[in-house]
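Next up is one chain by itself, shown in structure tokens, the form predicted alone.
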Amino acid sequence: MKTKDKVLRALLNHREEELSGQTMADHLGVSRNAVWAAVKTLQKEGVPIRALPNKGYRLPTTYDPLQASYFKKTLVESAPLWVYPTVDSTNDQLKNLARAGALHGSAVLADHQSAGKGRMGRSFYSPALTGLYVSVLLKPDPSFQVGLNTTLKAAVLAARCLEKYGAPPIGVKWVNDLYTSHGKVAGILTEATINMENGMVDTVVVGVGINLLPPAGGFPEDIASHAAALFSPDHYQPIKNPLAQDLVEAYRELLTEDQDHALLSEYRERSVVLGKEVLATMGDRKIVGTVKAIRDDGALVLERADGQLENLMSAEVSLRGDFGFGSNR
């Protein structure tokens, strides 16, 4: 392990105190100049190390990078896990790995995405340092029915994991958005590939992007009205690595049928659109109606003003007014 990596680990393990250069030098068995050089290198790489006169060095508690060494429990031989400081898209990276032979349960984690993806070809804002981006590869049994409800179940598992680590109550907006009372805090993207020989689903990549902290300077103008972070900088404790591990382990079991009923029931309980009036947009077509149900296959059942029911499998849903998990979304 390089000296800079040892210095970074020491600082990560002592976030609540300053470490002098001499203290780290003595502990690591290197010179004080070597520690100083390592700190300078880390700072140039973007690590926010604070140098406090006559006290030493310290990391802010909000600096919470993914650490590959943390995931020994999750790194099983049959399902490797890749950790990146930055990647274009965790979903795209994992799809490339799947084409190269990656196995069921393989995962890609990142601190930053340069080209994060959302539903319907939209981009997903994925800033460095403040978010977590996780994708897991699933290879279903040929008899297993993979559909829209896979996204619903993935949303519930993500909400459970986030609340375990102190997030406020989380609701879901059909089909893939996670909300708190302050706005959208996470999004789910599931992508499947089809075996052209038998027409069956060959692989499923389940991705989640999470806003743990507000980005420096706030969210971009085009999403600032509805985007939110789970935690404020003043009330943040490092959780990224254990949270990522829990998400990977939960998603590896996503296609287990015996939990389907419980997950879909919980999705409905967490729904912020059931019983509400919404605007559903499908290309140039727009429908205003009241959400009457969410079917087991994931379809949204919408009752129009004329009493007719519409079963929607793909649409952009907007809900106006205060509904407990944000407004004007």
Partner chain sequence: MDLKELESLIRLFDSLSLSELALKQGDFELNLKKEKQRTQDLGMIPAMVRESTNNTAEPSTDDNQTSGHIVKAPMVGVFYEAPSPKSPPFIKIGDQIAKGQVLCIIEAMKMINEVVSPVSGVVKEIFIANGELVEYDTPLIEIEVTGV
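Positions refer to the first chain, counted from 1. Here the structure is a predicted model, which is why all the values come from computation and not from measurement.
There is also a form predicted together with the partner chain; it is not shown, and the following applies to it.
- Put simply, Gly217 is far from the partner chain in the predicted bound form: not one heavy atom of it is within 4.5 Å.
- Contact check for Lys95: a heavy atom falls within 4.5 Å of the partner chain in the predicted bound form.
- In the predicted bound form, at least one heavy atom of Met196 sits within 4.5 Å of the partner chain.
- In the predicted bound form, the partner chain stays beyond 4.5 Å of every heavy atom belonging to Thr86.
- Of the candidate stretches 39 to 47, 295 to 303, 53 to 61, 24 to 32, only 295 to 303 has residues with heavy atoms within 4.5 Å of the partner chain in the predicted bound form.
- This chain lacks the partner; the member of Leu129, Ala159, Leu148, Leu75 within 4.5 angstroms of the partner chain in the predicted bound form by a non-hydrogen atom is Leu148.
- Only one of Met200, Leu103, Ala224, Ala115 comes within 4.5 Å of the partner chain in the predicted bound form through a heavy atom, and that residue is Met200.
- Along 158 to 188, residues Trp174, Val175, Asn176 each place a heavy atom within 4.5 Å of the partner chain in the predicted bound form.
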